[in-house]
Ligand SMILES: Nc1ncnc2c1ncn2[C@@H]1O[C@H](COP(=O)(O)OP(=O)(O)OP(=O)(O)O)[C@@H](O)[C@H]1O
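There is one chain below, alone, in structure tokens, taken in the form predicted alone.
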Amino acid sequence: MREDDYVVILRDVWKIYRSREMVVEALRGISLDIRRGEIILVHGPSGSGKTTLLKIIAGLERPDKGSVIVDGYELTMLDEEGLALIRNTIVGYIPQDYGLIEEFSVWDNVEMPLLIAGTPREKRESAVKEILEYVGIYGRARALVNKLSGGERQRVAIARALVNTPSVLLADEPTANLDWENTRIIMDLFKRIREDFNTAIIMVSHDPRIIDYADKLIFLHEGRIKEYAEKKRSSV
């Protein structure tokens, strides 16, 4: 397999948080290769470094040591402006709390990355309409986010992360507090995104219901990869 088939490459990545009281090694020598079009599930106990791993791949945190390559870009070599560009074009990040602006409409939330990128109005309108239809929530386009259900908010967050067609989609606990019907909708949507766009999807989750959707399982413990399992692509 060619190196450019891998969209995320981590080599000996360390992240250390320091305070007056303690030193916490959140990630300890993580090395990882993720191919385009894979669905990866990262699980492990609280405090094992899962969210830190996502944030480093997203360029939201800088490692203290190691190499982080995303779609050919070495993130450790980029300044803050370069990292912001990566987050707005190559990496889509969905935080656990969705990260939406509650008082804005669905449309305005999804349009935001395009406004930041300076996309012309006609192209913005076309892209937002297309992605809202794709995730099945166009009928709620003018609704305020604070009027939506949890499942609807998650689909808006996915639409916003996907509107610039990123190479990597990162999701922190994407099915937390969702019932099975909404969980199935979200996971089937992730599968469709993977197939339609060849997007790598990396999820952090404690939810055992979604294990069968993943191509690879990674178990983190105390900042290290303790178990790694590759599965046959699921037909769930």
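Just count from 1 along the sequence shown to find any residue number. The structure displayed is predicted, hence computed values, not measured ones.
Keep in mind that the form predicted in complex with this ligand is not shown, yet the notes after this line are about it.
Residues with any non-hydrogen atom within 4.5 angstroms of this ligand in the predicted bound form fall in just one of 64 to 72, 179 to 187, 192 to 200, 48 to 56: 48 to 56.
Ala26 is the sole member of Leu32, Ala26, Ala171, Ile210 with a non-hydrogen atom within 4.5 Å of this ligand in the predicted bound form. Proximity of His206 to this ligand in the predicted bound form: non-hydrogen atoms within 4.5 Å are present. Although the partner is absent here, Tyr228 lies well away from this ligand in the predicted bound form, with no heavy atom inside 4.5 Å.
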